[in-house]
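One chain is shown next in structure tokens, namely the form predicted alone.
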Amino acid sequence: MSDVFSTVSRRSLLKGATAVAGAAALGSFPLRQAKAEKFPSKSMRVAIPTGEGGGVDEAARAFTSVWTKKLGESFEYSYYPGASGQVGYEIFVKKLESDCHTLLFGNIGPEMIMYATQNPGYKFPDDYIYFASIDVDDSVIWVGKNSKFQTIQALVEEGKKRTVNFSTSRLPHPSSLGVLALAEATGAKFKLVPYGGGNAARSAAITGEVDACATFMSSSFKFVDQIKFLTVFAEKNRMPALTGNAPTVNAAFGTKIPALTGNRAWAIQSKAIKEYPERYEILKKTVKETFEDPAYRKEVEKGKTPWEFAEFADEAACTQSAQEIMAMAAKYKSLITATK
């Protein structure tokens, strides 16, 4: 675990001194307003609830490479992996400064499942909210290219005759919720088999060790020549050409299963918003401007991520997404935590 948050630059100190002197000179001018006018007054701080160098870290750095130009300050990172993200969120909510200079960048889908199943010592949305997500990774079901199941309907029909086995990287995953919801909606018998990692789970399905794989779409593309996509847990298939135009699960069965996605998003402590609403407005304005900046698209494509995965969602949409997946996780908690 690294922590650069305690580092205070000479420039920040000088800026802070200038702010205090300015406020004093203003006499009755509200101190809070003076602070808001100078926001940010020091480096922005980003808490990552996963390890350094992973996909979340890379996505955050691509975004802040452009956001820093809007805010006029640099971004510093700290990493708090552990317990499926719980460690990072606990530290962010309970120990880090809540003055709008400190943000968390995480993944709504997996981390709200963690929240719903692990009973952490903080509350959503009382203690923090997501205010901007910047991409979407849809859950999918696929089979090995030579599988006898060439449609999601055929796989479900088989599940009505015998138990169909799905590989998954881990049980508490958005795609696992999709498999369980589909089984409940159709009466099929599906069993999730956790492999403890994405590569092992994908290999099991490709080799026929299991019937199918439940995972995220983006991580599946490098195997596109070895697999066949059967369905997508989303409102639309955003990558039809690369997925063989696989139908959405709701289009295939007339169900109303919510989108089960990974959404990498910016979060902020709720008390920071309450204390510094002007600063929060600046963050919301500049985060949207950053997403729409052509320079950000270049950064995304430089990382070889298809721009089709980039999608902006505001606070209301993020909250809805978080609550939907939290409800799904609570519903299937006993199955994805293997407590029975």
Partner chain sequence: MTFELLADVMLNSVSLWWLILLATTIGIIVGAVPGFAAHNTIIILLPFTLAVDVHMGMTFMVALYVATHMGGGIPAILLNIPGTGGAAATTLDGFPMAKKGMAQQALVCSFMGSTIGGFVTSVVALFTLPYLARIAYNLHSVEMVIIMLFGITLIAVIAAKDTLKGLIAGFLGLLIGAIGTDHIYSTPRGTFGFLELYDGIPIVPALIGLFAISEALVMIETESMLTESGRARMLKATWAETLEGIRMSVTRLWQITWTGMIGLFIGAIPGAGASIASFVAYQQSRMYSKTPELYGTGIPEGVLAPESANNGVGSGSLIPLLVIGIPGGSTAAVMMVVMHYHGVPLGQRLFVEDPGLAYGVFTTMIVSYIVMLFTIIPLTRYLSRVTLISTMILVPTIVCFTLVGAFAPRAYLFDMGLAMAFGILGFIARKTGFHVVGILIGVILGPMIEQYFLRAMRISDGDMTVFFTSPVGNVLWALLVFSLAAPMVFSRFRKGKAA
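Positions refer to the first chain, counted from 1. No experiment lies behind these values; they were computed from the predicted model shown. In this text, rigid core is short for the largest set of C-alphas that superpose within 1.5 Å between two forms.
There is another form of this protein, the form predicted in complex with its partner chain, and it is not shown here; the text below is about that form.
Contact annotation for the candidate site: Lys95, Gln118 and Tyr195 all lie close to its partner chain in the model of the complex (heavy atom within 4.5 Å).
In the model of the complex, at least one heavy atom of Lys222 sits within 4.5 Å of its partner chain.
Residue contact check for Pro81: one or more of its heavy atoms lie within 4.5 Å of its partner chain in the model of the complex. When its partner chain is considered in the model of the complex, Ile91 lines it closely, a heavy atom lying within 4.5 Å. Contact check for Gly208: a heavy atom falls within 4.5 Å of its partner chain in the model of the complex. Checked against its partner chain in the model of the complex, the residues Ser218, Thr186, Thr102, Gln86 give one hit for a heavy atom within 4.5 Å, which is Gln86. The partner is absent here, but in the model of the complex a heavy atom of Arg61, alone among Arg61, Lys288, Lys38, Lys70, sits within 4.5 Å of its partner chain. Partner proximity in the model of the complex, defined as non-hydrogen atoms within 4.5 angstroms of its partner chain, places exactly one of 259 to 267, 124 to 132, 195 to 203, 246 to 254 at the interface: 195 to 203. Along 292 to 323, these residues reach a heavy atom to within 4.5 Å of its partner chain in the model of the complex: Glu299, Lys302, Gly303, Lys304. Relative to the superposed rigid core, Leu103 undergoes a CA displacement smaller than 2 Å between this form and the one not shown. Once the cores line up, the CA of Gly88 ends up less than 2 angstroms apart between this form and the one not shown. Ser167: CA moves 2 Å or more between this form and the one not shown after rigid-core fitting.
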